[in-house]
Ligand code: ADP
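Below sits a lone chain in structure tokens, taken as the form predicted alone.
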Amino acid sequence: MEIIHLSAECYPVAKVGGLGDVVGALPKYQCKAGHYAKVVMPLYITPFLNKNEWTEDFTGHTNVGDRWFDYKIFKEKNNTLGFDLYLVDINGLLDREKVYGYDDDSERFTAFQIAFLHWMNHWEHKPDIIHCHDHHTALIPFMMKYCYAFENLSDIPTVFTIHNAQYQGWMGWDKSFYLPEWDTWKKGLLEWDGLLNPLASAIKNAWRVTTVSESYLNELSYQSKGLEQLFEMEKNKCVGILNGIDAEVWNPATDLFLDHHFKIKNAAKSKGLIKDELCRKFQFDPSKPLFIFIGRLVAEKAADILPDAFLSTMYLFPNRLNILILGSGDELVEQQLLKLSDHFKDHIHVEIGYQEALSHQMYAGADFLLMPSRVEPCGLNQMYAMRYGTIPMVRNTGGLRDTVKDMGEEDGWGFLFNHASVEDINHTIGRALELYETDQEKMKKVREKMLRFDHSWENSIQHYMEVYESIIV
């Protein structure tokens, strides 16, 4: 089966969040399963671009609204990622250092989608599936059906995966001229709540819709930033498929970012050595439990409550734990956390930004991972943590609920809490401290249990293939 994945992110080419990790792994494992998966994404100015070899596959000329542009399709030459990777280069629009955050993002990603379909029109054959990811590629299903220039592609099945429905790509109708000429009788298939809504359009027009966990799919019918009714109407073509993790990249036995590798038998010793290194680096006492937070410092991740939560933690549990934070986002939250780190420098350290190597070392050396997310469609961090024997402390929502079982239940291995609040975070930290300080034998058993888990992509690939097969004519 030939599958084309369209995405704004793909690790290690360009990554902002979990979308990049998924698109960097899913096609690789589809290829390993005997299929022919490809990824098409915008060309950004990133280290990956400069470190690899490229061949020019196609040159075209088209437009987004009244802006005409030349574009080029570059193919990565050596199959470095385990699948064919294509970059769409539009000079002045896509070739920037950041993935998102520009005033003209709507135009940028619409142009990317138009260039892709324009290129597809020149193919000598048709792929079996076009698989679009999040709102940056969400106009593809509509344009394939109702833009006259692409009517030749209308019979190719489309799948749309929602990684995060909080971001929908809203545009005013004054931007509708971006699209190539389309059947205006179909305006309702672009619209939601008076706006041109790419995410809503994809839910209406894609042949199948998937979300990245079953619980998240259920939540979208009552918590999806205005699309609740739409999810209820379209529920028969929606399915939740839990993400996997790339078990080759995230493997404590071979991880290139670790100086000490481990399997179940030597996990306690090696994790201890990695923890010691982290504590030396950040001037912590290694005899204390190490709690970590890794992620974007945004409200969606409940990062806005972390300063108050950690401040009260320091007073509730004085001199009993260390906290290491890696992330970036809201500047006020960053400044509050840095100020907290200055005040409690023996117990709290904050690294602003994202460092791939440090994140691996933190997952491997920490005792506990905190994820108090308000919204977590799937969540990969908790699976990374478990892969490295680090106990997750997560809010009872989305994919966190699907992957973590509370220790209060029989055979549980993590801590779940119900509210993104200072009180729930501190109560859960208290539970974790009690476990660490009074029952190291149980800690050891829980760690060994998690190290046996299999969250690899092989478990999810078959579900995707079943979705594909259900719509191939």
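Computed from a predicted structure; not experimentally measured. Residue positions are given as counts along the sequence shown, with the first one as 1.
Quick note: we don't show the form predicted together with the named molecule, though the next part is all about it.
In the predicted bound form, the named molecule sits within 4.5 Å of a heavy atom of residue 296. With a 4.5 Å cutoff on heavy atoms, residue 322 does not count as touching the named molecule in the predicted bound form; it lies far away. By the criterion of a heavy atom within 4.5 Å, residue 274 is excluded from the residues contacting the named molecule in the predicted bound form. Within this chain, residue 379 lines the site of the named molecule in the predicted bound form, having a heavy atom no more than 4.5 Å away.
With the partner left out here, the named molecule still marks one of 312-320, 72-80, 349-357, 281-289 in the predicted bound form; by a 4.5 Å heavy atom cut-off that stretch is 349-357.
Using a 4.5 angstroms heavy atom cutoff to the named molecule in the predicted bound form, all of 19, 301 and 326 count as contacting. Only one of 116, 368, 142, 384 comes within 4.5 Å of the named molecule in the predicted bound form through a heavy atom, and that residue is 384.
When the named molecule is considered in the predicted bound form, only one residue from 344, 231, 182, 250 comes within 4.5 Å through any heavy atom, namely 250.
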